[in-house]
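There is one chain below, alone, in structure tokens, taken in the form predicted alone.
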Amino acid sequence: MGTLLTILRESLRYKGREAQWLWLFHRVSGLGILFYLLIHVFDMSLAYFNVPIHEEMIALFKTPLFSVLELAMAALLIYHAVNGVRVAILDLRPELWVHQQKVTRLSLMVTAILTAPTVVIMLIYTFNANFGHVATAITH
């Protein structure tokens, strides 16, 4: 944990502008995705080893708090994927580094374009699951 805090502290001191923040958020989103994956694998293993605890965890995952966390996870996943493509393109085509600010803006726009409908659709299903059929007309 000390290493993670050192990385975060030193990252905030570096003045690398947009690229620094994208790098830092890429690392944080990757850790969030890893954490989700570990919880998911653990929960799915409980379906085999301890069904009652698995069912309790599924009930917990259906609460509004976890619905919001699921929305955040979708946004993190989309950002991580799009930024990973940006990094791969810049690594494969070093001559594009002179256009890094443009590529950065483009990747952020693509992330926003892909995240917006995803979050809206997930919010509709979250409201329907937690508060009744609020948005039935939109989903049908």
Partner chain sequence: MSMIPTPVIADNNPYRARYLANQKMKPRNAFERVAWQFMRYSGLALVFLALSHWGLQHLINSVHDLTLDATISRWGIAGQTATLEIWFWRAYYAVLLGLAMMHGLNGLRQVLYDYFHYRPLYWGFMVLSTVLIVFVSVAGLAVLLLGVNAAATGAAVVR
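Remember, it's a predicted structure, so these values are computed and weren't measured experimentally. Positions refer to the first chain, counted from 1.
One more form of this protein, predicted in complex with its partner chain, exists but is not displayed; see below.
Enquirer: Heavy atom within 4.5 Å of its partner chain in the predicted complex: which of Ile113, Leu65, Leu37, Val98?
Expert: By the 4.5 Å criterion, the partner-contacting residue is Leu37.
Enquirer: Wondering, does Trp23 line up within 4.5 Å of its partner chain in the predicted complex on heavy atoms?
Expert: Because a heavy atom of Trp23 falls inside 4.5 Å of its partner chain in the predicted complex, the answer is yes.
Enquirer: How about Ile53: is it within 4.5 Å of its partner chain in the predicted complex, going by heavy atoms?
Expert: No, Ile53 sits far enough from its partner chain in the predicted complex that none of its heavy atoms falls within 4.5 Å.
Enquirer: Does the 4.5 Å heavy atom contact test between Met109 and its partner chain in the predicted complex come out positive?
Expert: Taking the distances in the predicted complex, the answer for Met109 is no, it never comes within 4.5 Å of its partner chain.
Enquirer: Examine Ile121 and determine whether its closest non-hydrogen atom to its partner chain in the predicted complex is within 4.5 angstroms.
Expert: Looking in the predicted complex, residue contacts with its partner chain include Ile121, since a heavy atom lies within 4.5 Å.
Enquirer: Going through 85 to 100, which residues have a heavy atom within 4.5 Å of its partner chain in the predicted complex? Please give them in sequence order.
Expert: Heavy-atom contacts within 4.5 Å come from Val85, Val87, Ala88, Asp91, Leu92.
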